[in-house]
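First comes one chain, alone, set out as structure tokens in the form predicted on its own.
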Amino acid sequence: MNHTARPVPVNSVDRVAFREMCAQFARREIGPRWEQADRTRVFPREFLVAAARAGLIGITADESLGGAGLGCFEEAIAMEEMSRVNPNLAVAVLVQNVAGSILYEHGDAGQREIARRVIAGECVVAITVTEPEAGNDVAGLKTTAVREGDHWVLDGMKSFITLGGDADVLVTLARTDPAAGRQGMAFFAVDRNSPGVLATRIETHVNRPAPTYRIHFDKVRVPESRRLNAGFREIMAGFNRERVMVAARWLGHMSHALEWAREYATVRQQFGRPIGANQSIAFQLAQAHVDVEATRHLTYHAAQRWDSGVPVRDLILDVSSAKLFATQAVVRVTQTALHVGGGWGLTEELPAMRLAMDALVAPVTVGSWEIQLRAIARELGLPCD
């Protein structure tokens, strides 16, 4: 199957007005919530209700499901603006859009009804793919689904599942036919409160407003009606779209870090003048600006290419380039912000340390640096296996 992104009309929405709406939403709904969620480590479900009401969940879904029917480009705008305020609550919306798209693109009427509820803010979903020994190596997953009459029985463990313990439905990839390799996998829409499902929290230094979990499946019975017509190929295609959103997420975060560092460098005085007047600091901020703008161009080029409707196979070079550069650049830019903060940057009185810590997850999510480099090399005709 040659997966093709759905073409979207160019300028189908006023993007300037859309960006301002997203920015206002982020300031209004994320700004007051993220610090408390970070401190208490309790995910504010009402935030997703607000995001749904603002039309930011299901941006690319059909209007018949309550979606906006827009494109990857608009989805990237929304992710950038939300992440500019806080990337960790923004990722909760990203998860709803990725998991929801699996339901409405590959599900039947019942599964599309779950997607409709997600888009309406009535249901929270998590995408349950990563395992202890199957992170980048999705083909190596060990969670099994065995058919028993009109049910499937799931056994296995997933790890690093964002919102796994807060979700109502777990969109779970499992192996249905071990002999079929990559072709023997399918997604299931699993109710989190099903007998045999156990979610245990993984305490992390990052993503705390959107908690991370291990999910144990112990003889969990799932009706055949909850099996989706999607498997390995669909998740790999979905990962490519998700990587564009990941690039947009870190674009917003590094933009915030640069804005803060530049402003701080103009007011922080040393030796009778602002530290930004020193070439050593000014050049670091200049380099950070280049990182931000290069990320912006790579990200929106990939999003525009996605919306053009070309086969997903032909997007890998653009998508992996954007994702790789964004996740490298955000580490550099936030480290620059931390350095500009000096000793005070290490305290809780300035945001520099929080900005730098949140960026540390960037290199290892949705395909590590090494995986992106491998994909890029292969697209350039350089065998590297």
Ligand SMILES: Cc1cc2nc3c(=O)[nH]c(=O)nc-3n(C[C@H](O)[C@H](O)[C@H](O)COP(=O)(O)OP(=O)(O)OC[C@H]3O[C@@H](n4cnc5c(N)ncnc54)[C@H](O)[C@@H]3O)c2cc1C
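We number the residues from 1 along the sequence you see. Nothing here was measured: the structure is a model prediction, and the numbers come from that model.
Not on display, but discussed next: the form predicted in complex with the named molecule.
- Across the proposed site, A54, V93 and Q304 without exception lack any heavy atom within 4.5 Å of the named molecule in the predicted complex.
- Using a 4.5 Å cutoff between non-hydrogen atoms, F160 counts as a contact of the named molecule in the predicted complex.
- Looking at V13, you'd find every heavy atom of it more than 4.5 angstroms from the named molecule in the predicted complex.
- Proximity of N207 to the named molecule in the predicted complex falls within the 4.5 Å heavy atom cutoff.
- Proximity of R374 to the named molecule in the predicted complex falls within the 4.5 Å heavy atom cutoff.
- The partner is absent here; in the predicted complex, the one residue of N136, S308, T144, T266 having a heavy atom within 4.5 Å of the named molecule is N136.
- Site annotation in the predicted complex: the residue of V244, L89, I127, A115 reaching within 4.5 Å of the named molecule with a heavy atom is I127.
- Only one of 26 to 34, 328 to 336, 356 to 364, 43 to 51 lies within 4.5 Å of the named molecule in the predicted complex by heavy atoms, and it is 356 to 364.
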